[in-house]
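Shown below, as structure tokens, is a lone chain in the form predicted on its own; questions about how it binds or moves come after it.
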């Protein structure tokens, strides 16, 4: 039963990893953009949540009403004013720019909030659990997993069943032809980044509710996100969820064997999948 519990907890934490990864997968699928600052933007969302909850006396989950629009606007402005200028056939310029952005965000947060760990207070939600026989399932991890399912289902619906999604797919397949057909690729790319950072807002609030965070916490979140994306298959959103679950279960089993092996087990699972399926388990097919 201990092992069953470890696997269940791993599946639930996989939902959080999927939230870390969904925005990465979305923008890579549309723009082929690898955002090195993605993890730091998750931490930025957590800190914005901290400010909002303090100023407005809101529950962290209620603060999403404010944090999601802020992060979406930040994403649109970031892509439109900065990253669009670096887009092209060479992936190196946006990679370098987002690396520089990562450094700026970490140092900016350090100046504004110091290096002290912070945490969002979710009250009884943090300790509430559901009893299922000899198993106790935390309400917060379960909620994170359900939200991850809803977010990925929502992104899939937007991508395949809306006018914006058709614009995303057309621009992803051939940005130049889409431009000739009347689509403004800069606007479409900016909308994709806005949508990505709206998901980042949710991930940041759940991160801050689940554990403490500080200005240097971004790179670790980026690694988990990248691993989930690559395990699942680049550009495949449901694959990203599976990748997050595999990563979470591997970490849960590793922690059960030896607490010091938690992170290592996840990295080993990532390397094994990469060795067997370099394109991931469910690589995206052409539209």
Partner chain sequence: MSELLRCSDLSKSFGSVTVADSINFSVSDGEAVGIIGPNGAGKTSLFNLITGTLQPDSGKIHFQQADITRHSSAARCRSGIARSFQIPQPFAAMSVYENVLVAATHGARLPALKAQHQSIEALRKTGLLERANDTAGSLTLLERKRLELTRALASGPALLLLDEIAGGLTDKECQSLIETIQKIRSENVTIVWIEHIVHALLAVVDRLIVLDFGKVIADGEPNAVMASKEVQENYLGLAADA
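Residue numbers count along the first chain shown, from 1. Quick caveat: nothing in here was measured; it's all calculated off a predicted structure.
We do not show the form predicted together with the partner chain, though everything after this point is about it.
Remark: residue 77 does not count among the residues lining the partner chain in the predicted complex, judged by a heavy atom distance of 4.5 Å or less. Within 4.5 Å of any heavy atom of the partner chain in the predicted complex lies no heavy atom of residue 86.
Remark: residue 176 counts among the residues lining the partner chain in the predicted complex, judged by a heavy atom distance of 4.5 Å or less.
In the predicted complex, the partner chain sits within 4.5 Å of a heavy atom of residue 182. Contact annotation: of the candidates 92, 112, 163, 124, the single residue with a non-hydrogen atom within 4.5 angstroms of the partner chain in the predicted complex is 163.
Checked against the partner chain in the predicted complex, the residues 198, 140, 151, 167 give one hit for a heavy atom within 4.5 Å, which is 167.
Between 208 to 216, 129 to 137, 183 to 191, 98 to 106, the stretch whose residues reach within 4.5 angstroms of the partner chain in the predicted complex through a non-hydrogen atom is 183 to 191.
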